[in-house]
Every structure is written in C-alpha cells, then in structure tokens.
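Just the one chain here, the form predicted on its own, laid out as structure tokens.
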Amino acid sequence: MYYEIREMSSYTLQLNLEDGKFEKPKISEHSGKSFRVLKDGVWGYFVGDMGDKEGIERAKRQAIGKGDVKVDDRVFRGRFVFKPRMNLLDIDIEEKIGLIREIDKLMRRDGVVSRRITYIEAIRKVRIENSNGGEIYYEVPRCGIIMQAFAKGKTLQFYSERVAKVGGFEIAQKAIEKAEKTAETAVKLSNAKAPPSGEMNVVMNPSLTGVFIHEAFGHGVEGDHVLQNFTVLKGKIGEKVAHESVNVYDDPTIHEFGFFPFDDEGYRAERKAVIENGILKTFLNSRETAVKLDGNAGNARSDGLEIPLVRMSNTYLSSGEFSLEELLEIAKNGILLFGSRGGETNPATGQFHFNAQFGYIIERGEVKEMVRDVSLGGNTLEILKDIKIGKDVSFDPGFCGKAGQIVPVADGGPFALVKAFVGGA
C-alpha cells in the first residue's frame, strides 16, 4: 500500500482599487491535511485535520474495488524556503495601499473612463511525506499587480497589464513601470480600426506566443489528457511534430509565477524538454501517468488540498535566430499581434481560437496603424511546422484552470512569425 500525507497552510491578501475607491481588503488563511492511499490499484482520498494514522485509515476506506493504478514511488527528501528581497509580512498595508494609489494616479488621463488595480500576495507552506520515507517541505511567496484601464473613443475598449512572480513586495513595485503604458494603450485602442480578415502572416509578440504554447500545445501534452485520448499528440513521442527550430520546455525551477521546488506529490521539480529540435520528447506527468506513459513525474499540482492533477508550470517556446525587424521583413504584409484576452482550444483536434488584445497592420515590412478586436485561429501542429522564431524570451503570469482547480503559471516565448487565420473578435 502506497500513501501520501500533505499538510498545507496558505495566506492571501487582495486589495482592489476601482476609480480611486478601495474595496474592503480580502484576507484569507487556510490550513489542513489531505491523505491519499493507493490500495489494490485504486485511490482513496480524504481531507481532514487529524492525526496521520486516522487520516490514512479514512482514506483507505475510500479505496473501493480493484484497479490497475501504479505509481512512480521515487523518494525525495528536502526543504526549500524562498527568501524574497522584501518580505510580504514585513511591509505595512499602508505602504501597499500607497503603491496602488501611485499606480492609479499614473493611469489617469483623458479618454480613460474607468481604472481598476488589483494587488495580490500569497504565501504557501507545504509538507508532504509518503510511505516510502520521502519527506519534503517548502515555503513560496507570490506577489503581483493587475492593472486594467477602460477607454472611450470611437469605441469602448479595455486593456490590462500584469506583473506577478514568486517573490516579495519588490515584484509589485515593478508595476509602476507599466502603469502609464496601460492607460495609453487603452486610449489608442479605443480609436483603433477593425482588423482585416483571412489567412495571413502573423507576428505574435512574446505574450501571445506564450499563450499559444500553453493553451494550444501545452494542454495536449498533459499525461491525463493523453490517457483520455484527448490530444492529437498521443503516440507521437519520438516523432517530428514541429519545425526543427522549435524547442518547448516546461520548467518549474525558473523564478516565474509558475515556480515550485517540489510538486504536490512530493516529487522534485525539474525542467522537462517537451519538444527538442522539432521532436516530441515527453509528456508532462504525475506519479500515476508517468508509469502508464513511461515518463518522469513532477507535474502534479493542486488547488489547496484538492486531488493533484497533471499541470504545467512555466511553459515556453525557446529562443530562435530572428530579430523582430527580420520577422517583419520576412512577413512583408500581415499583422503584428499583442497579448491575449482568452479563447478556446481543443487538444483532441489541435484547433484553437484566441482573441488578441490589439494589433498593428504590417505593410512592406513596416508597422502601420493599430487595430482592435482581433481574433487568431488555426491548427496547432500545422503552425508549429511552419514557424520562424525570434531571439528574446519573456514570460507572462497567469492562472490556469482545469477540472475546477486554479494554479499559478507563466507562459513564455519570443516574437514568432506564423501563418494563421485572422478576423474580428
């Protein structure tokens, strides 16, 4: 019989300022324990604040019947405490409120009809032990700011910027650098024209490249989706699925928003080479899916004390050889797109559809007028087989939802040139 005991405590603070008025601060603290038992090939799961022996017995009683589940029962032991430059609990709430007010002041300008700023901080402490003698402990703080501006010109438009990473209050302070840009972009967007439509050359900025890699490709390499036949990538390990310049990694060890030192099954975090030189190398796995798919575990994550699921961390397209100027010159005509307002993907077919935050027309290799309400669609594998990749990788933070659970992630990449379908959002 294999078992895991996970003990977690979390603290979060959220401050919201809308049009100069603060909402009541939202502070929450949670703690508890979960017990997971694998008996006769079936999982039993129980959450309760009690002694380990009793919790294991209750979880065991939930393991009903017989199954074929096996796990990678590798043992890891270790302790990790992330040391931020500015400890979140050492900073007075008035200083945090002052920073938000300063950002709000920088976002005020003609044309902006509404502003919203959200400050978030969280500290997660986790202890996990398993029946094989593994035991890990870690503490990770996260901090960030989301800035949103609504502007009224020819149309009413919305634009947002986010700054969030693992770390302390020093992360939130960096939002100052993007405050004016947030408001200025919203105003320009409100007077932008509608986009062209049809299949064309598209230069994606690093933010949109990252979203494409996470949403259109990344979910297709999650081990549970593979086992559920919910991905076009099933059975393609060792095959060429992209241009030879394509290298895709999932790396929880990078100090971005999706960082973790151990996953929620107590498995040590490590970088996974998902695609190397266009060849599909591995899927992302939990201890269970790793056995079934002959891979390495380490990507099991949970929202609080929920059951761990296969999830991404910091997922990115690695750098290529082209400068932005070279990509624009190669494109000649088309569109340059920035950011994402969400969308939908189908890992089973590889089809995706995103809404970009804004774009610019490309004419004869030069960036021209701004366009608004732009959508982008296509087939993931077709695009990856015909892509030209820029040099400089950057990451965007976000929260990824799956099966009702939300975890922090980061998506990354450089500018990239593809051919895709574009239209109005």
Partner chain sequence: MKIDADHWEIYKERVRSRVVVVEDSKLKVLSEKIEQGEALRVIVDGRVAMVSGRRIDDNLVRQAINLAKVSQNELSEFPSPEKLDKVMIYDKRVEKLDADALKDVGESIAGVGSISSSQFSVEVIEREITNSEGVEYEERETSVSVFVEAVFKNGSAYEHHESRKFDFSPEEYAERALNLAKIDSRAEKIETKAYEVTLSPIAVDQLLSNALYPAFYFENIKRGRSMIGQLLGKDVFGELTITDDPLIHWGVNSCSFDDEGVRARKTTLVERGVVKAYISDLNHSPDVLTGNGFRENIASYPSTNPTNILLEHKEKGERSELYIHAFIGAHTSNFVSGEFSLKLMNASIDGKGIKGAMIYGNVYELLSKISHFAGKERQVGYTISPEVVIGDVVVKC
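The shown structure was predicted, so the numbers you read here are calculated from the model rather than taken from an experiment. Positions refer to the first chain, counted from 1. Between two forms, the rigid core is defined as the largest C-alpha subset superposing within 1.5 Å.
The discussion below concerns the form predicted together with the partner chain, not included here.
When contacts are defined as a non-hydrogen atom within 4.5 Å, none of 2, 72 and 254 contacts the partner chain in the model of the complex. The shortest heavy atom separation between residue 158 and the partner chain in the model of the complex is within 4.5 Å. Under a 4.5 angstroms non-hydrogen atom cutoff, the partner chain in the model of the complex lacks residue 388 among its neighbouring residues. The partner chain is not shown here, and in the model of the complex it never comes within 4.5 Å of any heavy atom of residue 129. Contact between residue 31 and the partner chain in the model of the complex is found at the 4.5 Å heavy atom cutoff. A single residue from the set 86, 237, 324, 93 has any heavy atom within 4.5 angstroms of the partner chain in the model of the complex; that residue is 93.
Between the partner chain and the residues 343, 111, 339, 134, the one pair within 4.5 Å by heavy atoms in the model of the complex involves 343.
Across the options 176 to 184, 145 to 153, 78 to 86, 269 to 277, residues that bring heavy atoms within 4.5 Å of the partner chain in the model of the complex belong to 145 to 153. Residues are counted as partner-facing when one of their heavy atoms sits within 4.5 Å of the partner chain in the model of the complex; in 362 to 399 these are 372, 373, 375, 377, 378, in sequence order. With the core held fixed, the Cα of residue 386 is displaced between the shown form and the other one by less than 2 Å. A movement of the C-alpha atom of residue 49 reaching 2 angstroms or beyond is seen between the shown form and the other one when the two forms are aligned on their rigid core.
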